[in-house]
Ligand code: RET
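In structure tokens, one chain follows: the form predicted alone.
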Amino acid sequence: MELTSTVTNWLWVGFFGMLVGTAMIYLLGSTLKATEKYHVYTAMAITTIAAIAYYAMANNQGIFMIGGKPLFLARYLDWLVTTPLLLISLFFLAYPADKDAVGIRQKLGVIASAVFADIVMIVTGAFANLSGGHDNKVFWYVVSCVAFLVVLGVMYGAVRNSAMSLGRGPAKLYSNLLTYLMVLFFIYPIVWLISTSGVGSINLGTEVAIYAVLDLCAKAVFGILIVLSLKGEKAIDK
């Protein structure tokens, strides 16, 4: 597929933005204790994977024409890995280390349910993009939205309850970051609906630009916010 200069430029913005985000997360998180560096590594993994996807798309790789419309397969592969990692980064905030075997099993069950629903959301969204017929497209889109509601239910239910039990500070941190991320997650299906994948109300250049900004906010900015929040908490503790 031949990409316009506008599309290519925005894909490069996504790539370089993710690289800058990765560097900032590393530098900001360098002063955290070794026992807390997993927050930094998770955030860096998210932005690095996204950078790889954007580099591939900017070089016209991982993009296919399906039914006369572009399918950015690299984007879905990115989301398939990074969105579960985003949820896991929130789990790390809500669930402290626990050596109790029963507690660990319960937490793994909650984590698995949210991650599974998230994967279903991404996969069925890809199926909707792949569907040529209107009915199939609508069916998979609805299933994807329902899966997103399940993710919301778990994150605002069991996981938030765990964060609340940690005290006012951790609960507020979790709630603020969760709300920030879920608002962005909510925008994605709206963009999908009006994009070339859906009804086609916006052109491809605008679609790619919006996705690039959303991805940078949901991954690079989100990772920076987590690290800054943890550094802020440690400063208060001191």
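From a predicted model like this one, the values you see are computed outputs, not experimental measurements. Counting begins at 1, following the sequence as shown.
Beyond the structure shown, there is the form predicted in complex with the named molecule, which is absent from this document and is the topic of what follows.
Site check G125, D215 and A218: each within 4.5 Å of the named molecule in the predicted bound form by heavy atom
All three within 4.5 Å in the predicted bound form.
Interface membership of P189, the named molecule in the predicted bound form, 4.5 Å heavy atom rule
Flag for P189 set to yes.
Is there a heavy atom of C145 lying 4.5 Å or less from a heavy atom of the named molecule in the predicted bound form?
Judged by the heavy-atom cut-off of 4.5 Å, C145 is in contact with the named molecule in the predicted bound form.
A94 versus the named molecule, in the predicted bound form: is there a non-hydrogen atom within 4.5 Å?
No.
Y55 within 4.5 Å of the named molecule in the predicted bound form, heavy atoms
No.
What is the one choice in S131, S162, T83, S89 with a heavy atom within 4.5 Å of the named molecule in the predicted bound form?
Exactly one listed residue reaches within 4.5 Å, namely T83.
Exactly one stretch in 55-63, 189-197, 167-175, 25-33 has heavy atoms within 4.5 Å of the named molecule in the predicted bound form; which is it?
Of the options, only 189-197 has residues within 4.5 Å of the partner.
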